[in-house]
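The chain that follows stands alone, in the form predicted alone, written as structure tokens.
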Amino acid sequence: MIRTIVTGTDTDVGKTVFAAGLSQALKASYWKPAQAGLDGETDSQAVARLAPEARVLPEAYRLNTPCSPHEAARVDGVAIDDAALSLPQVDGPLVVEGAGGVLVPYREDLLAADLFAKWNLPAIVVARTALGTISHTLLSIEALRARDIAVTGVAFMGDAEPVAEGAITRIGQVAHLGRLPRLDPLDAGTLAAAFAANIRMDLLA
């Protein structure tokens, strides 16, 4: 049974799209502990739209300001509590999506990677194929491993960049889980088809 964290090298790298594709493929429960920014479609709403067979769990925190959770909580006057960030108890597969990158603060004394270590789940790193991805991705892998978090592999988003993808997997000694191309339109059908065609589900078991 797969229970995993989906994290990324930065914000807007495609974590939510990948998490939706994975949640649909596994018919998993999906949980985003903290949503920072409520204007427009939230990540949980996007997953509900893109993964109709997933069970989308309510966020522990819904914060108004689109920034790091620790600052969004400060602006909203909300105290982020450890107990509320405990993993939900669910039957079957679970996909947990982090906020932003690996070292985003949920509080001044709680980085995303520290929270991941408490959960004791493996992590999938979602990375762009754009310029700069080698350093960003390797730094993310190092930060996770420094906390004894198992890195299942890297999933790439965007146009094929075999040099960058190869460098990350070789230097980082990490599995290449596949690459999702840009999808237009992006909907439940196109995502499910692209995920089945491009993502190595056999490496997730």
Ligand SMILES: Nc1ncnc2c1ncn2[C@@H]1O[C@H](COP(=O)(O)OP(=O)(O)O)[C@@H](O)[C@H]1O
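One rule holds for the numbers: they count along the sequence shown, beginning at 1. All values reported here derive from a predicted model rather than from experimental measurement.
A second form of this protein, the form predicted in complex with the named molecule, is not displayed here; the remarks below concern that form.
**Student:** Which one of these stretches, 160 to 168, 175 to 183, 56 to 64, 140 to 148, sits within 4.5 Å of the named molecule in the predicted complex when only heavy atoms are counted?
**Tutor:** That would be 175 to 183.
**Student:** Does the 4.5 Å heavy atom contact test between Q24 and the named molecule in the predicted complex come out positive?
**Tutor:** Q24 lies outside the contact set for the named molecule.
**Student:** Residue by residue through 1 to 35, which ones have a non-hydrogen atom no more than 4.5 angstroms from the named molecule in the predicted complex?
**Tutor:** Going through 1 to 35 in order - heavy atoms within 4.5 Å of the named molecule in the predicted complex - the hits are D10, T11, D12, V13, G14, K15, T16, V17.
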